[in-house]
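Taking the form predicted on its own, here's one chain by itself in structure tokens.
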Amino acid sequence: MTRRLAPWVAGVVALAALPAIVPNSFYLHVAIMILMWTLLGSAWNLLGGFAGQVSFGHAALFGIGAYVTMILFLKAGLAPWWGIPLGGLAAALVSLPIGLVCFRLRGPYFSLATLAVAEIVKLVALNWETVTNGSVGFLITTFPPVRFFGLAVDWESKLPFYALAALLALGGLAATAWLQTSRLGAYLIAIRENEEAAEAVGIDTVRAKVLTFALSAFLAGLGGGFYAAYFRYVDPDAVLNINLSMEMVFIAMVGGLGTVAGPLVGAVFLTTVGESVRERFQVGHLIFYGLFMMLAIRYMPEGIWGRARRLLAALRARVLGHVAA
């Protein structure tokens, strides 16, 4: 038990110490982006990594979370720290009928169906102007004051958002760790390896995939809500862009599919380099993502974390062999 908790304790300590180490607000922004993409990579990894269902529609779930958070704040006066979980819940609820329909399809047909759903949601956001404000979108100018333990929170600082992003990222990683050891996780791995065989032994494959899709959608909706609160602006191009779905895929695959730490490793690597490239070339980060994705698929199909675990296991076996000899 202590061995299992040690990495989590070390992670919490590192996250708590990081703001005192980073030299300026840009690096803190990069840390926030790493944590946000860790959450989103974990969301995609639940479905794509464990169940083997390649979704290109997670941008729709991200956008739903962002819009719900923003609308609740601007039109109902509900603060974003309440709107973010409600945005995640809305994304999970929307995912249920989508999953029931799309999971009747398999392979590339499922992937194309999720892509179509994402485009439909974007068209709805563009044209339902009375609710979404159309292409103009929404903008938050100020946050309501809030106090924790008698201290006023400065929402003009990045520190509160860093703390919130860290909490959400840890939640996403914890959800992945739970799924990895749960009965549902075992069902998903069986489905990923051979869906017909899984059905033959009595696994309700559609139910298992829909439940996982709902959990994945909840995490993606949380990420969208956080994005809305942090950047304070949403419009269809910003939060319903297919590039968001592709970046979630890249982070999960480059880090290591079906692993707990894979999305974190992928987010650290791709976000750090991507933000550096974006700072100089604006959109060059997408070119970098594509090139690195091809190299990763060719030379590291198990991802960075998967390759690292394999090398560490081989090194450990060699060391133990020398000790035994």
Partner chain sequence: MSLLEVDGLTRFYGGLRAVGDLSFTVGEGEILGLIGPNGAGKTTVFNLITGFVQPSAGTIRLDGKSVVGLRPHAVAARGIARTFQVVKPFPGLTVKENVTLAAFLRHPSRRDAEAAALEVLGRLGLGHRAGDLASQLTLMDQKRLEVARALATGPRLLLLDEPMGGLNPSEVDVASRLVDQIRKGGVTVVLVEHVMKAIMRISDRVVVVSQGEKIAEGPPAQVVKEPAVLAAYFGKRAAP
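Please read these numbers as outputs of a predicted model, since none were measured by experiment. Numbering follows the first chain given and starts at 1.
FYI, the form predicted together with the partner chain isn't displayed, but the following is about it.
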* To do: Flag residue 198 as yes or no: does it have a non-hydrogen atom within 4.5 angstroms of any non-hydrogen atom of the partner chain in the predicted complex?
  => yes
* Asked: Can you check whether residue 77 is within 4.5 Å of the partner chain in the predicted complex, heavy atom basis?
  -> no
* Asked: Is there any non-hydrogen atom of residue 203 lying within 4.5 Å of the partner chain in the predicted complex?
  -> yes
* Can any non-hydrogen atom of residue 187 be found within 4.5 angstroms of the partner chain in the predicted complex? -> yes
* Asked: Just one of 182, 157, 243, 135 has a heavy atom within 4.5 Å of the partner chain in the predicted complex. Which one?
  -> 182
* **One stretch from 90 to 98, 187 to 195, 224 to 232, 114 to 122 that, in the predicted complex, holds residues within 4.5 Å of the partner chain by heavy atom** => 187 to 195
